[in-house]
Ligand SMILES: Nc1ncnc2c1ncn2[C@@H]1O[C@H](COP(=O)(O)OP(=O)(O)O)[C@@H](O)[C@H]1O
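Before any questions on how it binds or moves, here is one chain, the form predicted on its own, in structure tokens.
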Amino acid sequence: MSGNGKGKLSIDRIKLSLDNQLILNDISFDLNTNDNTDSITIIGRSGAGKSALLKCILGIYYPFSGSIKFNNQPILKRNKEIFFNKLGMVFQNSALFDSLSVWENVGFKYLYGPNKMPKKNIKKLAEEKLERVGLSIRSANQFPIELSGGMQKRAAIARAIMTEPKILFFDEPTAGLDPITARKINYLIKDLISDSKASALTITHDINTVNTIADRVFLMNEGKFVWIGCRKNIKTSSNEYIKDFLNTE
């Protein structure tokens, strides 16, 4: 799928090399075209290039060709801050700061970013977001080490939605969780995408995540998209890469 620049986020023919090895090869897609909420999941084996693609979008890696745009503006340089203010990120291992309370983690962007507000206002808003993801107000004053893995993931999601982002990124949102907790997190993500009208880009190995939250699915192999389709077409696809992926899950 060619990135045409009309979506909120447009990736057009990017290529990335690391240590003289081609990691991403001519990757293109749009997220949320025509102003409709969009949920894309990118799947594939370890080393396929999924995380490298996400790092390119976040500006950690710089592709040697191609473009990444947000609302038709390049985001790699001067427009990066505008883009970052519109996104929420949930990291694979939650990435909560151990030395900060849960509410301080959730409100981190307002506490330490350019758009500061009074602490009491930040805490109140953080408590509202914690309740939205299924955590009690009591958890706001706890520290991450006092929370279970599933609760930490919910806190990380609360942090991601704190600023009402237009785009949500999820990096392996169910990694390390038991099946029951993973299922609850998947449905929480699905509800958040629907309620917030935000678009989502999710990297995952979990076919249950795909089946729960995806509108479109992109399968990566050796730095390329080798299958693109709707979620409902995965199980009936004759594509050998899809069959191989499903058989290894």
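Because the structure is predicted, anything quoted here is derived from the model rather than measured. The numbering used is simple: start at 1 and walk along the sequence shown.
There is another form of the same protein, the form predicted in complex with this ligand; it is not shown, and what comes next is about it.
**Student:** Consider the chain as shown here, without its partner, and state which of V210, L58, I193, A52 has a heavy atom within 4.5 Å of this ligand in the predicted bound form.
**Tutor:** So the residue touching this ligand in the predicted bound form, by this definition, is A52.
**Student:** Among the candidate residues I189, A214, A198, A48, which is the single one with a non-hydrogen atom no more than 4.5 Å from this ligand in the predicted bound form?
**Tutor:** Partner contact (heavy atom, 4.5 Å) among the options: A48.
**Student:** In the predicted bound form, does C230 have a heavy atom within 4.5 Å of this ligand?
**Tutor:** Answer no; every heavy atom of C230 is more than 4.5 Å from this ligand in the predicted bound form.
**Student:** Does this ligand come within 4.5 Å of any heavy atom of I23 in the predicted bound form?
**Tutor:** Contact check for I23: yes, within 4.5 Å of this ligand in the predicted bound form.
**Student:** Determine the residues of 12-29 with a heavy atom within 4.5 Å of this ligand in the predicted bound form and present them in sequence order; the list may be empty.
**Tutor:** Result: L18, D19, I23.
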